[in-house]
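Take a look at this single chain, the form predicted on its own, given in structure tokens.
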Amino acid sequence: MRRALRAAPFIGPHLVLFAVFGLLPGVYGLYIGFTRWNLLGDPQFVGLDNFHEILFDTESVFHDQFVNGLVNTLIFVAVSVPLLIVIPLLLAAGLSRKDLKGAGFFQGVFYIPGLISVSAGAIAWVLMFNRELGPLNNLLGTDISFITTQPWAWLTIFVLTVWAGIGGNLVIYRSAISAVPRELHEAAQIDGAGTVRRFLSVTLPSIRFPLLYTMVLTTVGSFNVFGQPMMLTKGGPNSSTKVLMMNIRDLAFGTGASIAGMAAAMSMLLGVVLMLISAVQFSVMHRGIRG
């Protein structure tokens, strides 16, 4: 009891902030998912009707929006998460070479884009991909409308995501790699292991916990993607890059009457998908660690 009282001044403010800005809005959002509400009148409790319409009513526009948004979100996650794990990992391994000079400078260069807002970064990349004036088309000698045609629209989104997102994981991986005991590398080298073999057999197993941590956080962040497609393609062409968070935002706070209950229900379903995938990631990684 005394230990709890001594800890209260340290964790108390964080618990209050979490309760006010995290727990209470989350619980209220769960309740709204079971109602019909336009943000003006009183919410009307409708039970599971919202979820039934979203999941099983194939004639409902909300079903189409959910399926299309979820598919596009899964495409983004399936491509961006491996890129945001593998590229920083390889860069961290390269920057951790002891014979490399200026590693800290290059780490800073890779980290700086993560400090820039998505909106500002998107504006810069829109100019880069501009059909008439963009340097990319001029450099390649092409006339591609990157923003409005597929598969280039997805390419622009992934470029912005990787450009802005590799810095955080790079710092974590480089710190983890620097903590790997040098004796392990020396022993592997004596046994005849080359650079690639030492990376696969010594480095990767030694940094498995940072890998699991970044993989889960990167997956969670990717499922919540909104800014990149919103700022670059606005969901186009033909809603082919419109992710689920954009549909949820449009339903709750878009033009016309708000359909906050349906938006909250979609948010809950997205949360369930996210929890299932995170649980699978934890299970697979821990099984690999125990094996």
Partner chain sequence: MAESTTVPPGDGGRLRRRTSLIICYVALATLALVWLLPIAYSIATSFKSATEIAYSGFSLLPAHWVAENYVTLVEGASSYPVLQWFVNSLVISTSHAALTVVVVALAGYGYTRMRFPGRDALFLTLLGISLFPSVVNLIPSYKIVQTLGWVNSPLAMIIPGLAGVANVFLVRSFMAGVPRELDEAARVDGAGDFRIFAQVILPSIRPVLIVVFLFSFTGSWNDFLWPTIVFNDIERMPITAGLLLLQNMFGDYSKLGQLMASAVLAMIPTTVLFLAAQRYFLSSLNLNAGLKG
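Positions refer to the first chain, counted from 1. As the structure is a prediction and not an experimental result, all values here were calculated from the model.
Unshown form predicted together with its partner chain; subsequent notes refer to it.
Listed stretches are 31-39, 51-59, 64-72, 235-243; the contact stretch with its partner chain in the predicted bound form is 31-39, by a heavy atom cutoff of 4.5 Å.
For the three marked residues, V46, I144 and V216, no heavy atom of any sits within 4.5 Å of its partner chain in the predicted bound form. Site annotation in the predicted bound form: the residue of A153, V77, I172, V202 reaching within 4.5 Å of its partner chain with a heavy atom is I172. Taking the partner from elsewhere, R6 is found to have a heavy atom lying within 4.5 Å of its partner chain in the predicted bound form. Among heavy atoms of L184, none comes within 4.5 Å of its partner chain in the predicted bound form. Among residues of the shown chain, I85 is not one whose heavy atoms approach its partner chain to within 4.5 Å in the predicted bound form.
In the predicted bound form, I11 approaches its partner chain with a heavy atom inside 4.5 Å. In the predicted bound form, its partner chain lies within 4.5 angstroms of at least one heavy atom of each of the following residues of 122-147: I123, A124, W125, V126, L127, M128, N130, E132, L133, G134, P135, N138, L139, in sequence order.
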